[in-house]
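Okay, here we've got a single chain as structure tokens, the form predicted alone, with questions on binding and movement later.
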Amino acid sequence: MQFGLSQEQTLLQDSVTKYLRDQVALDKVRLIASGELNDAEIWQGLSELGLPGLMIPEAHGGVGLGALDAVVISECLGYHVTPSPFISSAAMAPVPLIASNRDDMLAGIATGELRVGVAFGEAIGARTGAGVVAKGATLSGKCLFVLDGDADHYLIATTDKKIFLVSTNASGLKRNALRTIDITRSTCELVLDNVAADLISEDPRVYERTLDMGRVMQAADTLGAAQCMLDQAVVYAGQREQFNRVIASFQAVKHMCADMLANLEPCRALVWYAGHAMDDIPDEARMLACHAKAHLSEVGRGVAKTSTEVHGGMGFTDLVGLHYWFKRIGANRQLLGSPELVREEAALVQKLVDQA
């Protein structure tokens, strides 16, 4: 059996790659990372390609494609270290909103006019001094490391896996920007004081599917970022000379590049299959999402480290810019669950350990 991308998915990948190569150069990423620009222009361009509505049904103005198609896009965005709210607004948010028939929100997301952030951190594992409590139709508490600090609405998950929708204009809501290691994407803290909220879902399965969708997209994003770092290392090794020879001719450098490739290439099948399972093998989707995120977190970190070492001292400079991909991989490793946590969840799904 051969498992790969369809012709349509390959064409989608090529068109997005062309746009990102032409419109999201590293110089623009630097401006966004420094705060001189925001990602609105990039998101508008991606909206014209139809990416915000990728997973929204055609009846609501979307494209009506599936999770594997979104995985392909997320991999492209990671390769070009693209500043965008794709994972939160285009991949995660449609899951509970479609399940709850929120047609009013879906049309706005599909056009890119509405951005929906995701605050699931406290449901995954509440930190000291944080956590969200629902009292009737209001929320109080604090959410840390919320995806998309510039969103118009937020999906907030409580510790009992209920999902609420909150507008950024709601009375009692305070939004504080957070600066993480990944300065290409906005992250924030939400402080809620009796904030009016709409209950979107009480079904834990909807929460789990939303979370799994985000984890698969993060794995794909890491895959793309790691592939770009590997490609840059190979190009640099073929140009950099020492002792009148390109360093690519040194056996040690050859081994470093070969090890990166050998570790990274099998990950592509894992990530693609995890995306395929989200729609077509629901019984395995949660397990595969956990394993994909955990494994790419480890492999991505190894590729990022080795690629930087191939570049030598230049690898640490902003001139080369490797640190943008390095930090993207590091942020993906922790957001929506660390490798240790998601492996434990996978073990519970596979009944390898007992529920505490």
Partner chain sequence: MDLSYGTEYIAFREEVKGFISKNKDKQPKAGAEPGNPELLAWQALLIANGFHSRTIPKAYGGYGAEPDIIKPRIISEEFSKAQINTGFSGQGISMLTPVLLEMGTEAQKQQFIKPTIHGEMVWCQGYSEPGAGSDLASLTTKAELDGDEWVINGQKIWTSTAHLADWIFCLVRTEPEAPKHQGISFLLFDMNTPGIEIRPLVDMTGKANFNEVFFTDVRVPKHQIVGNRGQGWLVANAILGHERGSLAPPDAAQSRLDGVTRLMNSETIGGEKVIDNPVYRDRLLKLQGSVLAQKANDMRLLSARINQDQSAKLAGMIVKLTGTELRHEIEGLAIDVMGEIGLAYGDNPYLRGNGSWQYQYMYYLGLIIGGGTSQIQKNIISERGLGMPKEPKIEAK
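Being a predicted model, the structure only gives us computed values, none of them experimental. Residue numbers count along the first chain shown, from 1.
Note that the form predicted together with the partner chain isn't included here; everything after this is about it.
At a distance threshold of 4.5 angstroms between non-hydrogen atoms, F164 is out of contact with the partner chain in the predicted bound form. Among heavy atoms of M287, some come within 4.5 Å of the partner chain in the predicted bound form. Mapping the unseen interface onto this chain, N169 falls outside it, with no heavy atom inside 4.5 Å of the partner chain in the predicted bound form. In the predicted bound form, the partner chain stays beyond 4.5 Å of every heavy atom belonging to R102. When you look in the predicted bound form, the only residue of F120, F86, Y79, W272 with a non-hydrogen atom within 4.5 Å of the partner chain is W272. Checking L261, L199, I181, V133 against the partner chain in the predicted bound form, a heavy atom within 4.5 Å turns up for just one residue: L261. Although the partner is absent from the chain shown here, G4, E344 and V353 each have a heavy atom within 4.5 Å of the partner chain in the predicted bound form.
Look at 41-49, 295-303, 313-321, 28-36: in the predicted bound form, residues with non-hydrogen atoms within 4.5 angstroms of the partner chain sit in 295-303.
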